[in-house]
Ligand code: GLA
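Below, in C-alpha cells: the form predicted alone, a single chain.
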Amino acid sequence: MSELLDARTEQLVTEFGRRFGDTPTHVSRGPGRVNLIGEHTDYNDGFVLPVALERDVRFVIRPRADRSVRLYSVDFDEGFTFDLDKIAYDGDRLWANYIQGMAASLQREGLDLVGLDAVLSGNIPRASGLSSSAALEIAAAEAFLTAAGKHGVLAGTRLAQLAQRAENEFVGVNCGIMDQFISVLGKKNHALLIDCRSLDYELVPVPPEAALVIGNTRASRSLANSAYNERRWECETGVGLLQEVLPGIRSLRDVTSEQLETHRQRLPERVYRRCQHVVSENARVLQMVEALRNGDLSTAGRLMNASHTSLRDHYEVSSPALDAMVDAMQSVPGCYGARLTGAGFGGCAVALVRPGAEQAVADAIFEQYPKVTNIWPEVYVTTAADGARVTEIK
C-alpha cells in the first residue's frame, strides 16, 4: 500500500465526495523542505543543502472532459473555479494564484492540460520558512500533469524551473530555485546538494544516526522582505568593488576567503561582513557534504552552529526569538548542532540530533523558549523524505 493512501488522504477523498459527488482517481504530493545549511547563498550563485520534509501539500483529483478547474481548499474552507483558457490573478485568494500560475506555466511550456476537480490540503505551517508555497506548486503541477496523462513527461529539473517561474511571474514572489528543486527531487534519507549557478545537483546520504528537529518560533517575520532586498544589494555592491581587483569574478561564489581578506580594505565594514558570511557559508556547505558522507555528525553539527553564528553576527538576519530557539536546542547533549533556517528574522530553526534525543530537544524548547519570548513554539520531528509523488486511488 502506498504511503500516500493513508488517513489524511482518506479524509480528502471523503471531502471530495461531498464537494463533487464522485470519487477521485489520484492523489499528488508536494513536500515542504528544510535547509540544513547554505543560507543566503542561492542568490550569490552558491551552494545549498536542503532535505524534503514528511509534511506536504496533497491534492486528490479527478480529470474533467472540459477546461474547467474546480478547487476546494480544506485549509481555507473555500472553493475557487477557473478556466484554463482564462487564467487571471485573483486578489482575494492567494492560495489559488499559486495553482493558476502553475497551470499557466505548464501551458506556456506547450503542454496541453485538461480540467480537473480537486480537493487540497497541507500540514506544512504557513509563513514558517518551510516552503509551503513550493509544496503547493509542485503538488498542483503533478495534479495537472496526471489529469492530462502527462505525468513524468518533464524532467524534474524542468518541472522545478516551471514552478519557480509561476511564483516569480504570476504570483509575484522573487524566490530562488531551491524550494521547488528539493520538493521535486528529494529522496528519503538524503539531502540534496544544489549548485545554484549551474543547477547541477547531487543526492547526499544522511546517516541513520541523525534525526531532525524543527522549532517554529511563531515570531513575526515583518523585517524579512526589506532586509532580504538590502542584503542582496550589499552582496552585489561587494562583488562590484571586488571586481576592480578580481576582474574574473561574477559573484561571491567565485571569491575565496583568502581573496576576501586580502582585499578587505576595499569594502565598507558592513559590506565586508555580508560577503564574509556568504563566502564562508559556501565553504561550510561543501564541508557539510563531506561530513555527512563520512558519517561525521559531530563535524556536521559544528558547521551548523558556525552557520548560525555567521548569520547572526555577520549577515545579521537572526532575531532574539531565533537565538533563543537555537540556544534551547544546543543545550541538549544529544544535539549535534542547530541553526536558523530560511531567510531569518523569524520562522524556524533546525537541529541535527541523535536518534532518541528528539524528545529531550523538544522538552528543552518548550521549557526555555517561552521564558525568553513569551511565545509558545511548535516543534516538528522529521527525517529526510521523498520528493513529489503521485498515486492512483483504487
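A residue's number is simply how far along the shown sequence it sits, counting from 1. Computed from a predicted model, the values in this text were never measured in an experiment.
Missing here is the form predicted together with the named molecule; even so, the following discussion is about that form.
Contact annotation for P125: none of its heavy atoms lies within 4.5 Å of the named molecule in the model of the complex. Among residues of the shown chain, E39 is one whose heavy atoms approach the named molecule to within 4.5 Å in the model of the complex. By the criterion of a heavy atom within 4.5 Å, V332 is excluded from the residues contacting the named molecule in the model of the complex. A residue is said to contact a partner when one of its heavy atoms sits within 4.5 Å of a partner heavy atom; A362 fails this definition for the named molecule in the model of the complex, lying far away. Note that among 62-70, 341-349, 322-330, 23-31, the stretch whose heavy atoms approach the named molecule to within 4.5 Å in the model of the complex is 341-349. The contact with the named molecule in the model of the complex, taken as any heavy atom within 4.5 Å, belongs to Y228 out of F170, Y228, F80, Y272. A heavy atom within 4.5 Å of the named molecule in the model of the complex is found for one listed residue only; from M178, V206, L116, L136, this is M178.
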